[in-house]
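Next comes just one chain, in structure tokens: the form predicted alone.
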């Protein structure tokens, strides 16, 4: 039964996942080309100095991409479930409702984690060709809040989609925007380092939000 749920989620999101993967590949290639071009025009010494002394971002092209992909994935998964209240049929599968929701959410989170992890596995060693490990590490910590925010955006968008009352959806949207804005506060590289565990902890906690919306849906809240 779990395989059937996962297959259903893939049918809804497969094309989007492939497109998102292609976009990430394109952005990674663009980042490499951009860095190589900057190094060629300005020289390694000047760029290293700009990164260390002036906080020049190396991965700024990725800033909004994790959030955008996560929101689109959640919409592709759960908007169809709310059309004509199809979620009722899904929840009547011969499985506990909690496990059904965990499987659906787990699918989306697993897809995002895979894409994000592959991005880092390719991008960071690639940057290591031109930059010292300290600079690569700095870029990793500078971009990590963007990828964590992608996971949060997924759970919050799911929470919004599954909410049965539009008035409450608007409130959820406002809360979600406020929460996500915490991940994009302008700061120097390393400014988020001590705060990352709290951001990650809140992201894990947010995975409970969709279950609240499902509970309201089951109760027929108007």
Partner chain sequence: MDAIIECENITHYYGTTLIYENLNFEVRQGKILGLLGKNGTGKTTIINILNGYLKPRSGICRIFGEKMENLTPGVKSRIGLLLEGHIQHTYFNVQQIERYYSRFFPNWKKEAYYELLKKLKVSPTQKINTMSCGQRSQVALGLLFAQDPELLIMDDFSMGLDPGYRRLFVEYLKEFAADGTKTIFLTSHIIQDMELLIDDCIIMDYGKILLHQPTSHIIENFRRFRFSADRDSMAPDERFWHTERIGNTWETYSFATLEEVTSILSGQGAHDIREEKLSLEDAFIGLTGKY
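Residue numbers count along the first chain shown, from 1. The shown structure was predicted, so the numbers you read here are calculated from the model rather than taken from an experiment.
Omitted from view is the form predicted in complex with the partner chain, to which the following refers.
This chain is drawn without the partner chain; in the predicted complex, the residue among 109, 95, 71, 102 with a heavy atom within 4.5 Å of it is 95. Screening 144, 127, 91, 138 for any heavy atom within 4.5 Å of the partner chain in the predicted complex leaves a single hit, 91. Contact check for residue 11: a heavy atom falls within 4.5 Å of the partner chain in the predicted complex.
Contact with the partner chain in the predicted complex, judged as any non-hydrogen atom within 4.5 angstroms, is confined among 78-86, 144-152, 110-118, 127-135 to 78-86. Of the residues in 202-219, those that come within 4.5 Å of the partner chain in the predicted complex through at least one heavy atom are, in sequence order, 217, 218, 219.
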